[in-house]
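Here's a solo chain for you in structure tokens, the form predicted alone.
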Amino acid sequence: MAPRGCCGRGMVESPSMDGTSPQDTAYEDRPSRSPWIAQLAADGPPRPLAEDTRADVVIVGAGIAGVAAAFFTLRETTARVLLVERDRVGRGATGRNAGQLTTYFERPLCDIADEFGVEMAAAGQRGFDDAHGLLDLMVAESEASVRVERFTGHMGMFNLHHVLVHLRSNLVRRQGGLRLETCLVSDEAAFASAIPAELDGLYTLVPQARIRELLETRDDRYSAVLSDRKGCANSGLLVQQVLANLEQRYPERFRFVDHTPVDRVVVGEDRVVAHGRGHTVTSSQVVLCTNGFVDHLVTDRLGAPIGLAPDQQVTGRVAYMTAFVDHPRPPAAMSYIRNPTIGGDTAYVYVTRRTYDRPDDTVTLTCMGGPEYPFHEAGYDPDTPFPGPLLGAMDQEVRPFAQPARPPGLPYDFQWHGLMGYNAGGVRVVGAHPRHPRLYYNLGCNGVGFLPSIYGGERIAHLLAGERLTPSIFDPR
């Protein structure tokens, strides 16, 4: 997904680049079908929790956040780990996302630095950047066959405000000793002369043709590009393969159960008790790696709810995505800001292309998305049909960015939606609760790729190993 702090959220109707309007194409409601879940191996029979049990660490949620936490905890400690999943592995947000490898936040890095200071903001960014290496470690040590593709991705900007926000974020990167993102500004941009001198050296003036080439668009409204390392992978297939490897490598210390919704977690001074399917799991620590806001209640032993700071409390948004098989094209990731100001509600557009393996062949799959809608209730059904009118709107508004040569009105190979967890602070929550040190979190802000979930899993493992880490922007409050 693209960061809401940079690209906005929601979906609006507007004329498309090819001159048609959303009403010109009518789609019927279509079954929700994720290309990542389509690649998974058969799950095998259900394996629910069938009796009361004990573990040193219980991890709730077997998506990428939970499996990463299990992987690194087993690797870095001698703890006995139980991983508990309410459904089947990788069927939540992990199997219903845009499948991107990105390392940005859901709000500008310069804004995070204003709140936490440059040093802490840069340290948080460094952790996300280093998650590329953690992903490679997981793949190598688990002997996973999941395809991982990396390349330089690009984001299109069209006004001075966009450029200044991202250049100031680049300034934080420079002050923190981090790799800089590449910023190119068209020499035809009306605002180029208004960029302050203090930001010199953080951008380069180039011909407008270069902007058009990188963004693969004919829309000359876009007059600046921010470029950085990006990638694509199927996080659902990754967790399935890593999980199978963990069971083989750690048969004495690791156990996984599914079809076991955890409805209550009681955190005491000396132990934690998780309740699911009429049974209990008693452990020394619990790590919550869920979407963060549905299906379970967390309390102390007297029944008082345990929560986070207001800006860390997670709510949900349902994100909608589509994909089509394309003619062979190189992997890519592009996003296009459509908010006049950062944080506005105008729809953004994001596009990824990747090599996609099917049972009988390998193709190029182009994925596109943008619309997200608030969701504040339990009971989200991932199998709810994809609304035809929304598919038609995306075909008119987003398709021209993804593949302008594709005629409007064609069927899509995949259309899917996923429930993502966000918080108002725009920063993931990773660490131990400040007043309940047996309760850990690796959740929130799902929507900027899955590398942050892997970073969070490794950080949790260090904490469970007893290491004293420096204060972080991710610390629960």
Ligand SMILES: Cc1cc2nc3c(=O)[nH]c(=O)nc-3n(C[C@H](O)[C@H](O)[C@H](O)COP(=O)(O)OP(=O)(O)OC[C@H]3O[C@@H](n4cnc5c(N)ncnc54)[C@H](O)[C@@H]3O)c2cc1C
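All values derive from a computational prediction rather than experimental measurement. From 1 onward, residues are counted along the sequence shown.
Note that the form predicted in complex with the named molecule isn't included here; everything after this is about it.
For the candidate set 386, 350, 222, 72, a heavy atom within 4.5 Å of the named molecule in the predicted complex is found for exactly one residue, namely 350. Of the candidate stretches 56 to 64, 432 to 440, 38 to 46, 406 to 414, only 56 to 64 has residues with heavy atoms within 4.5 Å of the named molecule in the predicted complex. Contact check for residue 87: a non-hydrogen atom falls within 4.5 Å of the named molecule in the predicted complex. At the 4.5 Å threshold, heavy atoms of residue 94 reach the named molecule in the predicted complex. Using a 4.5 angstroms limit between non-hydrogen atoms, residue 448 touches the named molecule in the predicted complex. Though the partner is left out of this view, residue 108 does not reach within 4.5 Å of the named molecule in the predicted complex, counting heavy atoms only. The candidate site formed by 290, 321 and 453 is fully in contact with the named molecule in the predicted complex, as each residue has a non-hydrogen atom within 4.5 angstroms of it. Residues from 227 to 266 that approach the named molecule in the predicted complex with a non-hydrogen atom closer than or equal to 4.5 Å are 260, 261, 262, in the order they occur in the chain.
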